[in-house]
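The chain below stands alone and is given in structure tokens; this is the form predicted alone.
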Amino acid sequence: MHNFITIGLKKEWNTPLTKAQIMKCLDCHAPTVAYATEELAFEIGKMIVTAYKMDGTKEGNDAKKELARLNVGCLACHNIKATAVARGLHGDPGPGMIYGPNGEDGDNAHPSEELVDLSRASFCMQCHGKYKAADGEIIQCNTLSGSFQNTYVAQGGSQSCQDCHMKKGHLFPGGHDLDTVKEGLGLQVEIVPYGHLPGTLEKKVKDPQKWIPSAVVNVFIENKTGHRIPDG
């Protein structure tokens, strides 16, 4: 984000830092900023630069601490982004409404409305794939959704992002979770031992007739996930 602000906007495009520009990053990384004023969004952009340039100093640490308050939380998915997959169909999210795949179950501590979009891969692709900014610019930070749609789904894959990444609830296990990595990667190792006589490259060998133990190691890694690895 620092590079986007200081190199992209300032140097390459000669464009001022505005809320509309910083939201090209923060609409996914900190969607609550959509409700900030123009002035506050500008200050958040300045804090991002400070946190990077002044890393390790009190000023930089203070900026990081403030920015951490903007981390993605429950409302990011269950309200702000909930209706965005088909906003023309669902409209803007209702104030104070919590959307979920099951809706009201009588046990919630808040109003809840059923919205099946939250259980579909297209919901996750809002941020984990191509993003269309308000000014029409298409931003692609990764190729996750592309490999999911064009390879996995195109070859008959039927699982969604949620099927794998919400097995443990809202912990969202991925590359940081060893069990998930083991499920997603197949590993086969073949080792063939052999011995060979030293050649001209092994002049340090005292006995030129002594067989040198060696091995050929072949490692096969299989991608069992629904998208390319690594990605995000």
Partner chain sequence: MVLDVTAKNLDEKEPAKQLLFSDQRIWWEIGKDLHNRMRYGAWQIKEIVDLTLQPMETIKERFLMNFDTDIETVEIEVTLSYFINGKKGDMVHSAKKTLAYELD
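Residue numbers count along the first chain shown, from 1. These figures come from a predicted structure and were not determined experimentally.
The same protein also has a form predicted in complex with its partner chain, omitted here; what follows describes it.
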Listed residue that, although its partner chain is not shown, lies within 4.5 Å of it in the model of the complex (heavy atoms), from Leu171, Met54, Val181, Leu40: Val181
Heavy atom within 4.5 Å of its partner chain in the model of the complex - the one residue of Gly73, Gly157, Pro111, Gly94 that qualifies: Gly157
Its partner chain contact at Tyr194 in the model of the complex, heavy atom, 4.5 Å: yes
Its partner chain contact in the model of the complex: Val116, any heavy atom under 4.5 Å: no
Contact test in the model of the complex: Ser147 vs its partner chain, heavy atoms, 4.5 Å: yes
Its partner chain contact in the model of the complex: Lys58, any heavy atom under 4.5 Å: no
Interface stretch in the model of the complex with its partner chain - options 117-125, 95-103, 133-141, 75-83, non-hydrogen atom within 4.5 Å: 133-141
Sequence-ordered residues of 12-31 touching its partner chain in the model of the complex, heavy atom within 4.5 Å: Glu12, Trp13
